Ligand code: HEC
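Consider the single chain below, provided in structure tokens and representing the form predicted alone.
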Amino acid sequence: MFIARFLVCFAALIVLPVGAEQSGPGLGVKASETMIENWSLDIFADGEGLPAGQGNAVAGKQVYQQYCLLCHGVKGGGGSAEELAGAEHNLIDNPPDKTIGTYWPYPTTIFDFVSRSMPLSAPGSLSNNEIYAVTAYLLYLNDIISETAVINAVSLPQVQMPNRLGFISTFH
């Protein structure tokens, strides 16, 4: 029986014309050029790859309230998604609080993650200015920058994260 099924499947592959599109399960949509461009960012810890744009926590609060609040809660305190700010424990407590301020070693990671993955309902839909602004707001909520500090491709990599030395780098 197995051999018969295998031969039927193999025969079906042979009779398909070269270049013919096979129909699939109908999941998803073909990636647009814009979608591919948004996903093609390579942002490094030193800021290489950060795009043009800027924002501060004042503007970022509005972006956060519109796109992030529902999942991440008031002031990043957590909800259906992880807490981003407001840690009550440090990393050596049980359980540890792995917020942006206690865990993340590089501020550029925030920009990279948000640009690729957020908001969950429409990843890649935020403008660079919105991403810089919400990044600034998240840094502000974690007491890392002031509310009016302007974050851009030059200033973001210069932000010193509290856990910057908490990881061992394999890159030299």
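All residue numbers refer to positions in the sequence shown, first residue = 1. The shown structure was predicted, so the numbers you read here are calculated from the model rather than taken from an experiment.
The next section is about a form of this same protein that is not shown, the form predicted in complex with heme C (HEC).
- Only one of 45-53, 25-33, 139-147, 107-115 lies within 4.5 Å of heme C (HEC) in the predicted bound form by heavy atoms, and it is 107-115.
- Within 4.5 Å of any heavy atom of heme C (HEC) in the predicted bound form lies no heavy atom of V58.
- Although the partner is absent here, P119 lies within 4.5 Å of heme C (HEC) in the predicted bound form, judged by heavy atoms.
- Put simply, L126 is close to heme C (HEC) in the predicted bound form: some heavy atom of it is within 4.5 Å.
- Under a 4.5 angstroms non-hydrogen atom cutoff, heme C (HEC) in the predicted bound form has E82 among its neighbouring residues.
- Residues Y67, C68, C71, H72 of 47-76 are found to place at least one heavy atom within 4.5 Å of heme C (HEC) in the predicted bound form.
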